[in-house]
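In structure tokens, one chain follows: the form predicted alone.
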Amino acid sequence: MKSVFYLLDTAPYGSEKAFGALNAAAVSLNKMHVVLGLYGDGVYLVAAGQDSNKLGVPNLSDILYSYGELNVLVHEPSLIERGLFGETLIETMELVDEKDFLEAMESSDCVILF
């Protein structure tokens, strides 16, 4: 396998999916081309300044930011639908439209849904 697209379409908290996607992407980084695609509620992961202390879990946005070499594509229409466009987002991501998001997913050897 030469490339993998990890697709996260669920909110970063309330399940292990976002944490699992981040860990899987991080483990794969040195072995293949890795893209983390954020779609639907998954786009909440790039909101900067999250406070997860009351939840008793790590701040997943900070973890994502620490993987600066990870290619993170954010589905812009999902971001707009959730009112996050114009909010402060982590700097290590790329906003893409529907067409570019689908092309990146289709050009990967493997898509793994979280």
Partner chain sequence: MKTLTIVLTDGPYISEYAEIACKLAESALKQCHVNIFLYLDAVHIPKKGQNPSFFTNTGELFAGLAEKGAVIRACARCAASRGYTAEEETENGSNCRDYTPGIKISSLYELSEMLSKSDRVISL
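Residue numbers count along the first chain shown, from 1. The model shown is predicted, which means the values in this text are computed figures rather than measured ones.
Not pictured, yet referred to below: the form predicted in complex with its partner chain.
### Message
For a quick test of understanding: in the predicted bound form, does each of 16, 27 and 114 have a heavy atom within 4.5 Å of its partner chain?
### Response
The answer is yes; 16, 27 and 114 each reach its partner chain.
### Query
Within 4.5 Å of its partner chain in the predicted bound form, heavy atoms considered, which of 80, 32, 47, 57?
Among 80, 32, 47, 57, a heavy atom within 4.5 Å of its partner chain in the predicted bound form occurs only for 32.
### Query
Can you check whether residue 92 is within 4.5 Å of its partner chain in the predicted bound form, heavy atom basis?
Because no heavy atom of residue 92 falls inside 4.5 Å of its partner chain in the predicted bound form, the answer is no.
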